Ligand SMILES: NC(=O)c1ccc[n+]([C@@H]2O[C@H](COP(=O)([O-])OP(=O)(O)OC[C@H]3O[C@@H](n4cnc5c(N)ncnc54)[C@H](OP(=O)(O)O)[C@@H]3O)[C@@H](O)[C@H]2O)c1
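Shown below, as structure tokens, is a lone chain in the form predicted alone; questions about how it binds or moves come after it.
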């Protein structure tokens, strides 16, 4: 896919993977629409893109609010801004046991990333279908493929996004619109600063997987777009974990329980 001259929309674009992806898309010649909740940090990313000679706009919006997303797209449609590339990278949620998770927090975990990706994709698809071209990239978590204890709600939300991505790919078969799932391992982003204690609940076996940077994930997104990939997993060790899970799921379950943060860890 030729990125130069394309209009790309990136959610969660105020920091981490989203901000890095927005900058990478702009470096490849795309005009980028940046969506996130916080106006100040969005504007900072836009300024960095423009200083580097790229084109970007900030659009603050609560992606968990379907009506707010619709209002934003009504404005974009009126301006003739119809993204041909969508990168759904907005994500939230803490790693908690079920009894530690309030109903309100569980709703929010489902809202971002899953419902946010649905709301945005739903509004972008009509123009893509009319053009018989487009590419949707959903950035997900390893827990969508391999579960671990102590993160039930977070895991459920990521499974929902993974299932939606797969179903969407089937829906769009033959339309010219492509769908990609990008799954990085642990990323050196602000997520862990905003959610203290999360890493304590990661299975110790996960320490075998090297940490990747937001820029590395952004590079993987660009690769997926340019090479029309269905799934991109990074780093290599995570791909090995996925292969082992496919071949021996009970072994991986045992490993997650033995090295993870189960109830026995806090009894």
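Numbering follows the first chain given and starts at 1. The shown structure was predicted, so the numbers you read here are calculated from the model rather than taken from an experiment.
There is also a form predicted together with this ligand; it is not shown, and the following applies to it.
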Task: Exercise: residue 15 in contact with this ligand in the predicted complex, heavy atom 4.5 Å - done: yes
Open item on the list: Just checking whether residue 207 would be counted as a contact of this ligand in the predicted complex - the rule being heavy atoms within 4.5 angstroms.
Closed with: no
Open item on the list: Please determine whether residue 83 contacts this ligand in the predicted complex, using a 4.5 Å cut-off between heavy atoms.
Closed with: no
Open item on the list: Quick check on residue 123: any heavy atom within 4.5 Å of this ligand in the predicted complex?
Closed with: no
Task: Per-stretch contact check against this ligand in the predicted complex, the hit in 137-145, 168-176, 123-131, 99-107 (non-hydrogen atom, 4.5 angstroms) - done: 137-145
Open item on the list: Between 222, 233, 61, 33, only one gets a heavy atom within 4.5 angstroms of this ligand in the predicted complex; which residue is that?
Closed with: 61
Task: Output flag, 155, 256 and 261 jointly within 4.5 Å of this ligand in the predicted complex, heavy atom basis - done: no
TODO: Select from 73-90 the residues with a non-hydrogen atom within 4.5 Å of this ligand in the predicted complex and write them out in sequence order.
DONE: 89, 90
